[in-house]
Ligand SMILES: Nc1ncnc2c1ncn2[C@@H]1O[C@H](COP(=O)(O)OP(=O)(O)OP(=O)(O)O)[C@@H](O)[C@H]1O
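Have a look below at one chain only, the form predicted alone, in structure tokens format.
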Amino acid sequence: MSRRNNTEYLVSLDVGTSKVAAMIGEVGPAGQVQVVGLGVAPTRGLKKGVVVNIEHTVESIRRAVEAAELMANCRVRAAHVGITGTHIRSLNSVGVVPIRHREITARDVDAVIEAASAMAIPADQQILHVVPQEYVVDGQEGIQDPIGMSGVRLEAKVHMVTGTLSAAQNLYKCVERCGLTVEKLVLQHLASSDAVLSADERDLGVCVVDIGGGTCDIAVYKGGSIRHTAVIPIAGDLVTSDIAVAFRTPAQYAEQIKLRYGCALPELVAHDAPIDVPGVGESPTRHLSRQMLAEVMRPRFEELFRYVRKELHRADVYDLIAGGVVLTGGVAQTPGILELAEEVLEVAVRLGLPHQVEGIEEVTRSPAFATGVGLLLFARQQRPAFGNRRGSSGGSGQWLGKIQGWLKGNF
């Protein structure tokens, strides 16, 4: 028996390097999101977060969506889709406009955000997000919502995120070939942050590190607003590759060994814990220890966290993260990785699990679904009944709507 046709669903699509996760959610009477459908499918169509094979990606998206629809007993037509990759660029910008009638209106806010966004960017790049950090009215800083205030000069500090047009087009194409409409492309860093951070952490200063299969996504918050985003091309797939080379085993078996026996710190595993490692071709299965596996995995994770620390220093935001680091993403489930991150980054590190959602227990207990949950929360925020037009993860709803319309018009 199908669900009522008038039920409004939120749909998220996390198209990652190692998996595609589709989620279907409902909004309850109090505004809470309940996950009613989940579908996960492995994918071989992406590399470092970017589509490299249309057919493989389409097949993975179709399988994930169909599984989610079957669980939720419904049909979906549109989705919020996450985007990441090394093509993502970000920068902070400032815009200034005069206040027309001495009292700030929504039109003034849109105008100042548009002024802040009027920056020269490469021809192959397009704006994905314009996220307001704070507003300044006649020199008064730290204003989050200036509408209704009096003044003569309005200034906006924004965080802009751009991505290559071709990467966005290919992602649109894959989703639309599955019969779905892309409601918005949302940066995965922002979605994951929405799912795992508390308001206190955003205010104090925190760094979210989302480690997936192909990329490591970084988002830094301070004073309740996003301050910096970045993508590092070192993630779980490189760990799998190291295991395959060191143990001379095919990549699919290396991935299974990593997930089942992997540990980031050799001292946390027993010396005599054996692992059966299949050989290549007709080579016989060999028996190796978990400690040997951990000794292969640790250097790559250590390199990753050193790159994270280097990026935080390069962007001059390391001193902003008094709240430490929140580690999320599928790789964050690796035993010992939190301790290793603390050792390298020299700050407090905690595991980021999705919150603000109910329903399927598998979703709420796994950092691997943080991006999907964040996309659902972003979708709820865009609904007029529940969302703030200029929320923390989406920026100016009207301005993003204009950008989205422009992108669709050019696709």
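Note that residue numbering begins at 1 and tracks the sequence as displayed. On a predicted model such as this, the values are computed, not experimentally measured, just so you know.
Same protein, other form: the form predicted in complex with the ligand, not shown, and the subject of what follows.
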Contact of residue 108 with the ligand in the predicted bound form (heavy atom, 4.5 Å)
no
How about residue 33 - does it come within 4.5 Å of the ligand in the predicted bound form, if we only consider non-hydrogen atoms?
no
I'd like to know if residue 237 sits close to the ligand in the predicted bound form, meaning any non-hydrogen atom pair within 4.5 angstroms.
yes
Residue 215: heavy atom within 4.5 Å of the ligand in the predicted bound form?
yes
Please state whether all three residues 329, 333 and 368 have a non-hydrogen atom within 4.5 angstroms of the ligand in the predicted bound form.
yes
Check each of 39, 45, 49, 354 and return the one that places a heavy atom within 4.5 angstroms of the ligand in the predicted bound form.
49
Work out which of 280, 121, 259, 199 lies within 4.5 Å of the ligand in the predicted bound form, going by heavy atoms.
259
Heavy atoms within 4.5 Å of the ligand in the predicted bound form: which stretch in 305-313, 288-296, 67-75, 204-212 meets that?
204-212
Scan 122-154 and write down, in order along the chain, each residue with a heavy atom lying within 4.5 Å of the ligand in the predicted bound form.
none
